[in-house]
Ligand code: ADP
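There is one chain below, alone, in structure tokens, taken in the form predicted alone.
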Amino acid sequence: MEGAAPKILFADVAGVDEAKTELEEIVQFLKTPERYTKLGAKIPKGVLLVGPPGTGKTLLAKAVAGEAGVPFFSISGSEFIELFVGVGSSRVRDLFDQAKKQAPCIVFIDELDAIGKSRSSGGFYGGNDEREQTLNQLLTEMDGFSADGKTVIVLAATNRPETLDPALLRPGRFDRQVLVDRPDKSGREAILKIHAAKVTLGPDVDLVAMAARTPGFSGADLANLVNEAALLAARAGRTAVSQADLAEAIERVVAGLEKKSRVLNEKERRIVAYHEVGHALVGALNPGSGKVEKISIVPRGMAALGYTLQLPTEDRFLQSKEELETQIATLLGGRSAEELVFGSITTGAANDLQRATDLAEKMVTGYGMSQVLGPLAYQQPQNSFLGGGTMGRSVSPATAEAIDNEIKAIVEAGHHKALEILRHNRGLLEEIAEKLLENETMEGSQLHEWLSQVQTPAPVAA
């Protein structure tokens, strides 16, 4: 819990420039408090770092203490909670007592939601609940520690800010919230440079290209990516990490490990090949869903018998209704190819169907993209940073039926669109599938040349 000032500095943290700018003020106050106090200004008592997992919230907190050169007290919210009532609140008192003795300093509470959940959410039962007593003690300490003139800054991190008690977030406690979000392209490049400096890189490595191919990756994901590439190079007996190692590492992170021991019979190989080429052909006409970079019929991960790797060409923060519809069509391209070529369907499209249905449901219930139901939201609010989970609906039976019908209509429209594209490009579908069966993987300029031949079907006259 207690330690000297960390050796981590802001130079060791990349991809979160806005958050660093916000926290620089805390550093300056710890270094030269008179600069602010002579004007009557008060530094925020508490700063809450919020954002998705793996984006560097804990690292930023250590960097603040490292830059300021002050002691750093770190504890996880779960460490306060014990079976016996009163232990948690006692630990809170001890933590702040130690911090005051070494002021100026920083107290960092990781996973604040473990003790800071709202008392009105139904998570507490009675006045003797251990978590409630711990939260009450934390609120009391944050109210009182500034009265004695001690400079103690409380930093905390969470990826569930919507569950926190309002009393924690009011001015005078956690005055300021700092978003630590996933990095953009330039941020990913800076993060890759930091981690790549710790390994031996080959002359062909292009970190700018790697940053462009990893949208949505967090700082932890990028650190894992570089490490996986280094492990691949070491396993192969090479003396440096190559661009091919980094590309393979991306596939490992996205699709899982290759399962070459999983041998498919010839019939299944043909079905998987046509399935994956179906995804690629439909995706080639729908750039909103990402650029097709690789097709493979080498099994990967837990259940994938093949995969089509699509990577976004740029960071996107908004998507139109038309782009979402084309994503659904691309997801259904594999099943549509099976129908068209073999006249039957298999279980291989299970994950595609689930993702297409989930996307259609969000369009109808969350994004207000249904002409029938109008611009209304039928989903319950969800966590901004963790995502996942099923969304409950508080709607009438008639509205629930209308939602189901709209979801079905969107998915079926995507299915028909995929079938039309594949029928129009049947010859190309056959050619690429046979080539894939021969080589098992297709990527790079060869693949792009094939996909550039895909033609858009003529619109059907009304």
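Numbers follow the displayed sequence, beginning with 1. The structure presented is a predicted model; accordingly, all values stated were derived computationally and were not measured.
The same protein has a further form, the form predicted together with the named molecule, not shown here; the description that follows concerns it.
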property	result
Exercise: residue 28 in contact with the named molecule in the model of the complex, heavy atom 4.5 Å	no
The named molecule contact in the model of the complex: residue 220, any heavy atom under 4.5 Å	yes
4.5 Å heavy atom contact, residue 195 to the named molecule in the model of the complex	yes
Contact of residue 52 with the named molecule in the model of the complex (heavy atom, 4.5 Å)	yes
In the model of the complex, segment of 336 to 344, 187 to 195, 277 to 285, 235 to 243 with a heavy atom within 4.5 Å of the named molecule	187 to 195
Residue among 37, 405, 399, 58 with a heavy atom within 4.5 Å of the named molecule in the model of the complex	58
The named molecule: the contacting residue among 451, 14, 442, 19 in the model of the complex [heavy atom, 4.5 Å]	14
